[in-house]
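Next comes just one chain, in structure tokens: the form predicted on its own.
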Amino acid sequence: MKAPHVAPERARTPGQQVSRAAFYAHLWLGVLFTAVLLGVSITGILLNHKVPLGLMPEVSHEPTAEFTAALPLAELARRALEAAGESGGIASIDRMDVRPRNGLVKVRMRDPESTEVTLDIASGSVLHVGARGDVFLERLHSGEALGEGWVLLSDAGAIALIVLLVSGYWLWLWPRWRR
């Protein structure tokens, strides 16, 4: 019995080798990172529209005095803690976002609701107290809400997206360049 004829494998050009590698990188990274990239994309869209969605309170305020007349941060922090009903002291504050142009400071607490107190920086009067709905979304977007390992997965998703974009362009452009 005679062996079937097998055509010898042609040597691939460097461009063909890159195209083959790009195809498999594109295929498997797309399959493996679909859920991560969808999650990051959806939470990113929601974060872009957090004010209209009511996830972040927008406090309109005109400054009551020059920025140079602002109360010290320690005093603003004390007043914010008092307004939020926090008894844990300065350790209860996550961050203070000072907005001199608007004449206010937003003080975010380290509580499960992510309570935010908005104060006038010159008078110290409380303008708003309420929960921030976007904090969980921000933590989910970065992967932080699911644990430290998920932050790395979010980073890997970003790298995968870069590879997907580059390999996708290569797969689209290479046949056109060859012609």
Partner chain sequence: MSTGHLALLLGLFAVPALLLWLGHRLHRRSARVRGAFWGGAVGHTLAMCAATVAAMYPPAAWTGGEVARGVLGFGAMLGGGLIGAVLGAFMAVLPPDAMPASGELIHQRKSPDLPKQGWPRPRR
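None of the values given here were measured: they were computed from a predicted structure. Residue numbers count along the first chain shown, from 1.
Keep in mind that the form predicted together with its partner chain is not shown, yet the notes after this line are about it.
- Shown alone here, V31 lies within 4.5 Å of its partner chain in the model of the complex, counting heavy atoms only.
- None of the heavy atoms of A70 is located within 4.5 Å of its partner chain in the model of the complex.
- In the model of the complex, at least one heavy atom of Y24 sits within 4.5 Å of a heavy atom of its partner chain.
- At the 4.5 Å threshold, heavy atoms of V51 stay clear of its partner chain in the model of the complex, well away from it.
- Proximity to its partner chain in the model of the complex holds for none of S19, L171 and L173, with the criterion being a heavy atom within 4.5 Å.
- Comment: its partner chain is not present in this chain, but in the model of the complex one of M56, L140, L127, A122 has a heavy atom within 4.5 Å of it, namely L140.
- Contacts of stretch 109-147 with its partner chain in the model of the complex, defined by any heavy atom lying within 4.5 Å, are made by P112, E113, F136, L137, L140, L146, listed in sequence order.
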